[in-house]
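First structure 1, then structure 2: two forms of the same chain, each alone, as structure tokens.
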Structure 1
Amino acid sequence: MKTALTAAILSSALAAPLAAQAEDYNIAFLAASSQNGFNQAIYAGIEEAAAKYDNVKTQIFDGEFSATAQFSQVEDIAAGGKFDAIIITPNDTVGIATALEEAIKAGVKVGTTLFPVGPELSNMEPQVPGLTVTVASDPVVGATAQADAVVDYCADKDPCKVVVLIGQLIYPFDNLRNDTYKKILGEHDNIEIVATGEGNYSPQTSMVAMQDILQAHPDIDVVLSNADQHLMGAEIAIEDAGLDMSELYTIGGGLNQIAVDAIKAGTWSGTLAQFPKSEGEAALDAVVKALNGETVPTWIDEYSLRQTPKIVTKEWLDANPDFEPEWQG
């Protein structure tokens, strides 16, 4: 009895210091741009998830929408030894792969949000050896849902004149979305893409692009964009041109608060649902579990994180009045 009690006391004495010495984890979030509202919402999710742990600290880095800047950040983190994990929203989904591979070899866990890393944007499984988790959806899936919605609207219009506002065609993911739009809309003889503008995820840039387009094509029927920020700028240009935004079919992407308000008011027609805060939370939890030696899924589909249709419309919002988007815009 005395022996058992002594063993229990020794066991307890040994266990207590071990528990108190739980390893601290420093996790870097490499934003595509820390000034971008979508990226800020991802980091808000990362911070909220980190707050659930006593030993997790996070820090955001500004990628400045620059592939070069982000590549250097990964190299510095891999060489510095301060950070245990990286969560990245990549600017260059292909070029960043080499730097991340070196970081993983240096013992840094890596999770990616919004897009996979590697040459195949529709392949959600790890294309970089050792990559811990991808929290994203296939860009083709969302772009297809948007294009199908435009096809439905245009069914009784001939011609149906469409303006596409995309981020930047130099980005592989925006190029893939644009190719998806062109493929699906091109299968319908009544639909004509009259112009394609680049908004660079900026309302100001999008406004200027839309002003230029309207000078050449004042009688459009549809504005199709991959980003709500683009529609915000386009709306100003459309109203300045004397057109009624609510009489056009307009669809954005991202599901921010501004889009929700505009759709409820009947000004915009719809937007593609996205959940940046949930992406950040899921990525943080996955890399922490991986650091703790747990097995985590290599892909978490963004569309599994919340229950909404891919295209959010006024009809759906009216039926779900308590719905709250995850970012302001």
Structure 2
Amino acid sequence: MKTALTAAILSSALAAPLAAQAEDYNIAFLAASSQNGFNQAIYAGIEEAAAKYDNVKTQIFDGEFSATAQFSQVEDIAAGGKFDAIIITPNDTVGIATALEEAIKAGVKVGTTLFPVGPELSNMEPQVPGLTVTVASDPVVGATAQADAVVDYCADKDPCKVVVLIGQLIYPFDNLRNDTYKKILGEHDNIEIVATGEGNYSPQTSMVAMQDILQAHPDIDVVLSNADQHLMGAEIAIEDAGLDMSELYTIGGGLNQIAVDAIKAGTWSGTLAQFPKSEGEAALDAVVKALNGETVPTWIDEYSLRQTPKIVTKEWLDANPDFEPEWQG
């Protein structure tokens, strides 16, 4: 009896640290919008990474593409005490900073995906004190890669007429991308940006903008866009205008399944690579390690997560037939 009691006490004592280690971590993913395919792919990565741990639970919150809604979610999580960490895809990269700062002070680990949090969109190091990790790439880097690809294509054309389809210029990240396009393309006398349309990440809006632009500029050479959704709409307008999309140089952004199929078919020229699922996985791993007391890098470059060129082309896809994009579109 005495032996059994001793054994029970000993096993309890041994089990105590194990039980402490097995404490559940609740991690909130604050999606810019839970109804958006790109954000859902980030969450798929978060869930997949969480499944590798026995003690990590995740929950998605719908940011409704609203900075205010997301701000309130951060405040509620900080006040509620239920969550140990937040992974956020911010709607407003500047305004959300104060709410995240309060959450960090309340002991919540914070990771951000897609964009950094703070006034400088090109600064990947923490602009909010105590921010655990930023899993993102500098928008200027991607936009530069796209603009450079256009410069290469236009090398032998004079004039080389370019249409830019951007998301919305009221978004700081889109404005930065647009400024990058204008700066790089503006350095070449043979390149002329004949029109800039707003696609608002909608194929329908992009199609209308492209139809109108083609009325005034039916002799374009290039469509440069930051989003694959814009090229989907532009393609319809280009075909309706009797032009052959495959004879233009067309480049989008996002690398979704629809873009990959179009590039493989030779309809689109290329797209800027993005990896939402890998971003989610990397962010979750980083915050879990931080919760476990490990040191993690403050910035994980999106382009370090997969081995692809920044601009994915038909040549590259043909050479890598097993490549699978990380989101459907």
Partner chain sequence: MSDVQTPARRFSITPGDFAREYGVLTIIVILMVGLSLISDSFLTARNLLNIVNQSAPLAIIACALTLVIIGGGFDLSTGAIFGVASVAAGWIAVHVDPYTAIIAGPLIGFALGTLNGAIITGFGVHSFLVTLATSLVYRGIAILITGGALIPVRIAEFSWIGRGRIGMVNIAVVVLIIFMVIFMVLLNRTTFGRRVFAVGGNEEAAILSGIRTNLIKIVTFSLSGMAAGLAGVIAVSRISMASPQAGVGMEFEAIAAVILGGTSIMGGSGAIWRSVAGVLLMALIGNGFNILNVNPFFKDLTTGVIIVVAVALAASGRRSR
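Residue indices: 1-based, along structure 1. For clarity, a rigid core is taken as the largest C-alpha set superposing within 1.5 Å between two forms. What you are looking at is a predicted structure, and each value in this text was computed from that prediction instead of being measured.
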* To do: Kindly point out the structure, among the two, that is the form predicted on its own.
  => 1
* Did Ala241 shift 2 Å or more between the two structures, C-alpha, core superposed -> yes
